[in-house]
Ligand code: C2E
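First, one chain by itself in structure tokens, the form predicted on its own.
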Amino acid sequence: MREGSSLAALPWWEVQAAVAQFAVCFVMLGTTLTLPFLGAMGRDTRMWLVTVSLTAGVLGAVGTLAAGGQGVGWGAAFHPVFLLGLAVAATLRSRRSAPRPTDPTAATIGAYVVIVGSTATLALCALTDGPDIATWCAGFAVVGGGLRMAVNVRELAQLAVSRREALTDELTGLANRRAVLRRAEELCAERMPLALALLDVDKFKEVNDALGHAAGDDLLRMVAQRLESALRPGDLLGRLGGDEFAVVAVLGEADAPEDAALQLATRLHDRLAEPFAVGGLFVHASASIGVTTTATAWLDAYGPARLLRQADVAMYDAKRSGIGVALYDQDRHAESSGHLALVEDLRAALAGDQLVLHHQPQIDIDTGRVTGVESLVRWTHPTRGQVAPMEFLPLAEVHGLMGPVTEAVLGQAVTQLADWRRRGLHLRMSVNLSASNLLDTGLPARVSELLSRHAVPPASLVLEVTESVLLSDPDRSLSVVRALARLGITVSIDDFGTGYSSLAYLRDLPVAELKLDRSFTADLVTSARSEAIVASTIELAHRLGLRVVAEGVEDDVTLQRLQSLGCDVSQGYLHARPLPATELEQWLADRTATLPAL
């Protein structure tokens, strides 16, 4: 201490007690003041009381030292406030609060404040001459603050890794959906013209199911590597999930946006043309690619979500048309954008039982008796009214909803069959299967369980498949059809004569029925060629023991010609349009009055 100072005349323990009070209160106050960064201030009254108390303690210590170590004057007035505030804070009960994640940044700020405060205390101790309790406390505080900062640096490094992982797809190491949208958002904010391409790997599900998930994962990694090799510096490739990838590319100012976007999509598509070596086999895994673009002149109308939706519309257009690559066009795809909303409505329809069945009678040509019905799904939309099957069934197939739609149709069909049988009405009921249904190896077991639950004999159910559906994956489709036939279910080839391998299917498939396409019955009486085809088909089917059903019969002349050719069953508007179950029952009752008993 300096000579002449009033503190120099005091015993060292009195001086050090005042300095220690100042050091402890100052360091604790600095720590407390970091609580706002942790979100604690404002939520706990005790924090405010502790802050006020420690502030009073610092001011009281300063006042004591200023008074030459005498506890008098304004310095002494702060001591009761210091003690009273801490006492009240200790008696208050803490409030329950939701757990909050730790923030290394806030903790680092707190450690920094402690180090600064401790350093100031050490400087003050140096001015008061020699090591003492305050000096040791401040030294320990500096060491503790340094260790805390070292721990925080490690936590910040781990946080950086976690954030990087949150933006990375674990399987491929590419950017994930969040990173792709963030990159597009950044470019939109900078008013940079960009192209967004969305890729869907064709027939990936077949590879995954046939070779296993490990092989499917290998294929996705190889697809990612191929696509990366087609990118320019600055382009971002990401995996959105499943077998969907996306590319965000900045367009040059001199480039024509649409031409540059198409070149990008074509380049990506060509990179996947060569087969991939997966599971000891060479697998072709092409992609359907939709691409959209934006230019600086009209960038303000666009955002990542809208761009992704447009690319999605174009991608499904490419998949449906089989062209591989499609550029979003405002005029051509405006209605397709509404299709996405229709798909979401269809999901709600499945959950809300909005799909119903209408039944079209099938008539035995020789006796005129109704032997069966074909069940056709109908959708009464809450705002759009009746939605035609051709509007939503193709969308259901493309968007992976055909399985749930078929399950709903089969459930209603078998339930209706059971109800009719209980009331003495024995009819066959035909239900159509799609391409995705015939790739579902679990379908036969579910159909068997459904029939058993409702006590409906398998022979009462007819499942119709088309030749084009069978062509999508012949081996797998044939195995599903054979499993259905082994259950005793009647398998029918629908639209017979419009495919490419009809005779081969008649030889290999356990079918029991052929349905002549309406294109043959429409001009049966006016075209000698159509009559020759129908006559030879009926003769061939009968020699194979198959039943023949003619679709699209609309007049008596056609019906009579079919009868002369030996056709078994007639179906068409001549007899009735597809009707709800109650209306069909009334139609049957009216028909019974003029025909022999059913």
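Just count from 1 along the sequence shown to find any residue number. Predicted model only: the values in this text are computed from it and were never measured.
The form predicted in complex with the named molecule is left out here; the points below concern that form.
- You can rule out all but one of 475-483, 306-314, 203-211, 429-437: in the predicted bound form, only 429-437 has residues with a heavy atom within 4.5 Å of the named molecule.
- Screening L393, A175, L220, V370 for any heavy atom within 4.5 Å of the named molecule in the predicted bound form leaves a single hit, L393.
- Think of it this way: in the predicted bound form, the named molecule has a heavy atom of just one of L376, L167, A273, L487 within 4.5 Å, and the residue is L376.
- The named molecule in the predicted bound form is not approached by S460, whose heavy atoms all lie more than 4.5 angstroms from it.
- In the predicted bound form, at least one heavy atom of D495 sits within 4.5 Å of the named molecule.
- Proximity of E539 to the named molecule in the predicted bound form falls outside the 4.5 Å heavy atom cutoff.
- The named molecule is not shown here, and in the predicted bound form it never comes within 4.5 Å of any heavy atom of V549.
- The candidate spot formed by D353, Q416 and E583 lies out of contact with the named molecule in the predicted bound form, as no residue has a heavy atom within 4.5 Å of it.
- Taking the named molecule as positioned in the predicted bound form, the residues of 552-569 that bring a heavy atom within 4.5 Å of it are, in sequence order, G552, V553, E554.
- Put simply, R486 and K205 spread apart in the predicted bound form: their C-alpha atoms are 3 Å or more farther than in the form shown.
- Relative to this form, K205 and F392 approach one another in the predicted bound form, with their C-alpha atoms ending up at least 3 Å closer.
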